[in-house]
Structures are given as structure tokens and as C-alpha cells.
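To begin, one chain is listed below as C-alpha cells, in the form predicted alone.
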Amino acid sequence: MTLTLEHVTGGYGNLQVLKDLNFTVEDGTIVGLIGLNGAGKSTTIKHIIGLLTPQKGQITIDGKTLAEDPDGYRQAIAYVPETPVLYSELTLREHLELTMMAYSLDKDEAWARAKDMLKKFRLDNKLDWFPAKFSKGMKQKVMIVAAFMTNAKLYIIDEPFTGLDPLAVHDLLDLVQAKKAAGASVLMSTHILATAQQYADQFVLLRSGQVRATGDMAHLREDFQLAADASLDAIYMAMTEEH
């Protein structure tokens, strides 16, 4: 599904954070959302998933806004937050069952997908554990399994590598690539620039709540007047040095 932001301005109450954002995440693409702390990445994501409402402009998934089709819009999105959000009174099994209900998933098919990922992330023997027993990384893995067991067409991933061991990072990137290959779109916010450069097809560079640049690596290098082999890290540094 295609995610489109058109002239989106928004923030928190009277505090304006985003200023006239325009960008698109096309089907079957991974887009890296890149910027300094405070640039507006998490605020952008909160607007996309519906936690915040734009003050101006609109956000659509395949042409539909959240207001026009609340259920369809929400079920099109799977979200992995920067900080895991789990219910202390629910076991891992119950978290996954809750996800199945929320997305109206076929239980047999969903469990088949979930069990593969639980084994991959070494959580298959922890289905009856409560969140209090999980480490930060394990909680993050629960969020990943819950998101990727859905049939969502748009995956929103906010700083997903925090707390994950290198093997889990590798496994997550495999899942992201599999969803892309199946035609889903992925918007991934991350400070791990080398990984973003390796896996993302396109980039949205945010600076002070505005889109500074969009496009693939070749376009960004040209935009910032850098060498043909310049890295995303070099592009990032060039953006931060602009006045």
C-alpha cells in the first residue's frame, strides 16, 4: 500500500513540530526516515499511525485517510515502537492472541507465522511468561513478532535495533526484506546509518521538522554535492552542517 503525506503540519497542542511534510512510501519499498534527535521522526510516525492528528494537510494509505476508513487504515499498518509497549498482566501468548483479534487474523495461519518467528527469536519456550520476566531486547522481539505476524501492507518501524543483539538485528532485517518482497511497504526510522544505507531503497531526511531531501543514494549525493561514493553517514553530516 502507498503511504502519502501531503503538506502535513502538526505537533503537540500549540507546539508545532512538523512543517509542511511531503513524501511517499510506495508499495514494495523500504524507506529510511533519517534525522537528528528532535528532527521530528517519532512525531511524524505518531501522525501516520493516528496518535496525533495533523493540524494541516493529510495522510493517506492507498488514498484513504484515517477519518474516512478507520478500521481499514489501522489494519493496513503494523507498528514496532522504539519503546516496547506490553501489558503486565498478559503473557506472551495472550499478547499474540490479542493481536490476532485486533487484526481479525485466521488463528491457525497466524500461529503458524508466529511460531516460526518465536523460534527464530528464541521465544518459543516463553509463551507463558509475563513481561516482567523479559529483558528489554526480549520485549522488543515480542513487538516484532506481533507486528510481523499480521497481514499488514505498511510496516512502521521506529528505531527497531535498540536493545537487540546482532543475531536478532539480522533476523529482523530478514523479516523486513521478506515483507518487501511480498509487496509491503516499510518506513524505518533509525540512527544506524550503515544498515539503513544497505537495506533502504529511498530516504527521507528530516531537519527541524521539515523534509530536507528525499530520494535514493544517488539523488542524495547529487543534492548535497558529494562524491559518487559518499556514504549515508557523509550525507547526514553534510545535512547537519548546513545553516
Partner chain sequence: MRKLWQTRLRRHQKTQFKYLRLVFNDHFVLILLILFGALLYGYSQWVRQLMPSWWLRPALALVLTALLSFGRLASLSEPADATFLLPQTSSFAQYLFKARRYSLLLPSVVLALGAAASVPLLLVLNIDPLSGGITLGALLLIFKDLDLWLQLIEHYGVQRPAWVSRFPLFVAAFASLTLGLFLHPAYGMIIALALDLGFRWVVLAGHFQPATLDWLSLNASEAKRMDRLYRFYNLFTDVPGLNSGVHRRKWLDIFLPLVRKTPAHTWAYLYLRGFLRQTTYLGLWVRLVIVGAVVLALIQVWWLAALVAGLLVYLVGFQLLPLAFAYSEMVMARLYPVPASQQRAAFQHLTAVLLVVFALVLTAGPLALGHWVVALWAGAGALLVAVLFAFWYLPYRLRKKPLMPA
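Since this is a predicted model, take the numbers as computed values, not measurements. Residue numbers count along the first chain shown, from 1.
Below, we refer to the form predicted in complex with its partner chain, which is not included among the displayed structures.
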> Thinking of G32, N37 and K56 as one candidate spot, does its partner chain come within 4.5 Å of a heavy atom in every one of them in the model of the complex?
Replying inline: no
>> Within 4.5 Å, heavy atoms only, one stretch in 66-74, 185-193, 171-179, 202-210 touches its partner chain in the model of the complex. Which?
In response: 66-74
>> Just checking whether A102 would be counted as a contact of its partner chain in the model of the complex - the rule being heavy atoms within 4.5 angstroms.
In response: yes
> According to a 4.5 angstroms non-hydrogen atom cut-off, is Y79 in contact with its partner chain in the model of the complex?
Replying inline: yes
>> How about K119 - does it come within 4.5 Å of its partner chain in the model of the complex, if we only consider non-hydrogen atoms?
In response: no
> Using 4.5 Å between non-hydrogen atoms, is E109 touching its partner chain in the model of the complex?
Replying inline: no
> Out of 86-123, which residues reach within 4.5 Å of its partner chain in the model of the complex, heavy atoms considered?
Replying inline: L86, Y87, S88, E89, L90, T91, E94, E97, L98, M101, A102, Y103, S104, K107
